[in-house]
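Single chain ahead, by itself, as structure tokens, in the form predicted alone.
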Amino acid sequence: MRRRPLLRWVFLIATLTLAACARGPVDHQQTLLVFGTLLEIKAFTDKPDAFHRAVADLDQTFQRMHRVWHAWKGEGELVRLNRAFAAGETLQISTELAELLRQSQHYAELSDGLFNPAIGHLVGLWGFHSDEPPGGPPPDRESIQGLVDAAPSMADIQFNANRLSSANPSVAIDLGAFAKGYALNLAIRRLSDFGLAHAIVNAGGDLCVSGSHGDRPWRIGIRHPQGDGVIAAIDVADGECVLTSGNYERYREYDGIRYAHILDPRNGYPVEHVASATVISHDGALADAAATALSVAGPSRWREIAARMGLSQVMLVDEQGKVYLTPVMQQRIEFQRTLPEMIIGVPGSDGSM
């Protein structure tokens, strides 16, 4: 008499389990705190266990990277490397960090120095090495000019396998404009290793995707740099990354003036002519570095820098809300609001805009 109810429950549980499996892939989502930013990981899959294992693995990886690559906290590799540069010493570092710095050096050269991770001292002078928004007046002109005159550059770094030194003691590496794109690409690859072929990894609007969201592409919005909501939407294809550099997230404000965290290494001051720069590429690290370089380049040089860095999908929004686009980007993006003006430019063409 007691077995029949039990058998009915077993049959019901088995039926529900089979029904759940029959539904196929669904969204699985989890959020991590990485590099001071919330990282949203979403996979469209029928493998929830694999998803949770992958997220746990990524959490460990990113926490290690945060300790190793932090530019001013703790005793990680990057802190020790910057100390060695200042002292004129050579330091043996990990293969992973050495490769990251080789990439940084390459992208700095391609950008004509507008992407320059070697200006860590300048970043610190402006207060952007703090976890909290900096306050008070901006740095004095003499201090800024002193660091500009020192001309720290990625070209100053000398590689002997994984032993690094700098010909310029003013070099201090800050990977804030590069590491996020690298990490997003890494996350997508790691999810794939766990059998998760359809995923999106999003860190504050910067993202990389794999596969698709069911029978449609992953669709994302690009934040409007001058207000709430999004300025445009776009379908993101398998393997693509979308990185945006903007002056609206981190800044220093004093006497009603907002100083963006994106610094122009040529004069030591925050950029003023660009509100945001968005880049689409299969290389997240390249897209991250290029978004910074294009923000510095501004309306007058963005086409040249895009061409130098091999980019065909770029969008800039200037302080007046004017939008600059490459033809490829213009063909695939869908604007969500009326624009003051839209200018299409071909990378590599001459002339000011």
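Start at 1 and count along the sequence shown; that's the residue number. Keep in mind that what you see is a predicted model, and the values were worked out from it rather than measured.
Not pictured, yet referred to below: the form predicted together with adenosine-5'-diphosphate (ADP).
Visitor: So which stretch, 37-45, 305-313, 289-297, 320-328, is the one near adenosine-5'-diphosphate (ADP) in the predicted bound form (non-hydrogen atoms, 4.5 Å)?
Guide: Result of the contact check: 289-297.
Visitor: Of 101, 196, 232, 263, which one comes within 4.5 Å of adenosine-5'-diphosphate (ADP) in the predicted bound form, counting heavy atoms only?
Guide: Here the answer is residue option 263.
Visitor: Just one of 164, 222, 177, 280 has a heavy atom within 4.5 Å of adenosine-5'-diphosphate (ADP) in the predicted bound form. Which one?
Guide: Checked against the cut-off, the match is 177.
Visitor: Is residue 187 close enough to adenosine-5'-diphosphate (ADP) in the predicted bound form to count, meaning some heavy atom within 4.5 Å?
Guide: Output for residue 187 is no: heavy atoms all beyond 4.5 Å of adenosine-5'-diphosphate (ADP).
Visitor: Evaluate residue 119 for contact with adenosine-5'-diphosphate (ADP) in the predicted bound form, applying a 4.5 angstroms cut-off between non-hydrogen atoms, and reply yes or no.
Guide: The answer is yes: residue 119 has a heavy atom within 4.5 Å of adenosine-5'-diphosphate (ADP).
Visitor: Taking heavy atoms only, is residue 211 within 4.5 angstroms of adenosine-5'-diphosphate (ADP) in the predicted bound form?
Guide: Heavy-atom contact with adenosine-5'-diphosphate (ADP) at 4.5 Å: absent for residue 211.
Visitor: Can you check whether residue 151 is within 4.5 Å of adenosine-5'-diphosphate (ADP) in the predicted bound form, heavy atom basis?
Guide: No.
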